[in-house]
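Heads up, the chain below is alone and in the form predicted alone; it's given as structure tokens.
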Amino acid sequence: MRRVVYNWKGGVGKSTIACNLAAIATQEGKRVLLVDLDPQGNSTHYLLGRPGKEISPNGFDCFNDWLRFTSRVGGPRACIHPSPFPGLDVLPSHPELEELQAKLEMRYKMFKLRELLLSLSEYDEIFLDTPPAWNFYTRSALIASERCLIPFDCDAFSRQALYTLLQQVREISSDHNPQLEVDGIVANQFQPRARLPRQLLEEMLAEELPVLETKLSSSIKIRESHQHCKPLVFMDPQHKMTLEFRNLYHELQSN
């Protein structure tokens, strides 16, 4: 299964959700790859313990090779690195990914990521983390994926943006990737005692938007997890948020 975590709004928890779901998948006995397409490289740092610019070869080298006729790094598999967590590998990001976009788009390389991921048959599950933008990398990720998970931070402006976002996913599905389906919308940093988040979700359900049953709480434990570069399932297996990520993973598996 190839699953992209996508929302072009920043700060909604894409990297945190992608990394923690990938970690949960390893606990279910899966071999997992996390592809970090965000030049900020938060997922890379979270899972590998250091920024992408300190890791070589990386995603920049992989994409840059697609602009040439020969590889300088030994092929795309050479750019994939094992994490400290058994069963979890990472294709790391790099800040210079930003500079490659125009060249990659001009040379029509938007389908190369799908070709690569389809060749990696050794992985049971692949998670793709995307930048907070509608750009070459997000479109490539949607074209390469089978499912799309949309984080939502329970904000009125974010809700309005959802309609455009869902339309973008439908267009990619219609024009380039008929396999692509929306997994659902997951409420992140949810505060059950606050009226506005509950009201927004009730209205979205009334509109028959694909809101998932599982909700992810707000917790300082996530920040500690980031600081220690260790997903919650490895840092605190019994924490409330760890159980929420488990529930989210199982809900996605049952869709």
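Computed from a predicted structure; not experimentally measured. Throughout, we count residues from 1 along the sequence that is shown.
The same protein has a further form, the form predicted together with a small molecule, not shown here; the description that follows concerns it.
A.B. asks: Each of 51, 83 and 228 having a non-hydrogen atom within 4.5 Å of the small molecule in the predicted complex: is that the case here?
C.D. replies: Per the other structure, none of 51, 83 and 228 touch the small molecule.
A.B. asks: Though only this chain appears here, would residue 239 touch the small molecule in the predicted complex if you measure heavy atom gaps against 4.5 Å?
C.D. replies: Close contact is absent here: in the predicted complex, residue 239 is far from the small molecule, nothing within 4.5 Å, heavy atoms only.
A.B. asks: I'd like to check something about residue 195: if you look in the predicted complex, is any of its heavy atoms closer than or equal to 4.5 Å to a heavy atom of the small molecule?
C.D. replies: Contact check for residue 195: no, nothing within 4.5 Å of the small molecule in the predicted complex.
A.B. asks: Report yes if any heavy atom of residue 12 sits within 4.5 Å of a heavy atom of the small molecule in the predicted complex; otherwise report no.
C.D. replies: Yes - in the predicted complex, heavy atoms of residue 12 and the small molecule come within 4.5 Å of each other.
A.B. asks: Tell me, yes or no, whether residue 209 is in contact with the small molecule in the predicted complex, where a contact means a heavy atom of each within 4.5 Å.
C.D. replies: So residue 209 does not count as contacting the small molecule.
A.B. asks: Quick one: from 64, 189, 26, 214, grab the residue that has a heavy atom within 4.5 Å of the small molecule in the predicted complex.
C.D. replies: So the residue touching the small molecule in the predicted complex, by this definition, is 189.
A.B. asks: Residues in which of 196-204, 26-34, 219-227, 53-61 have heavy atoms within 4.5 Å of the small molecule in the predicted complex?
C.D. replies: Stretch 219-227 is the one.
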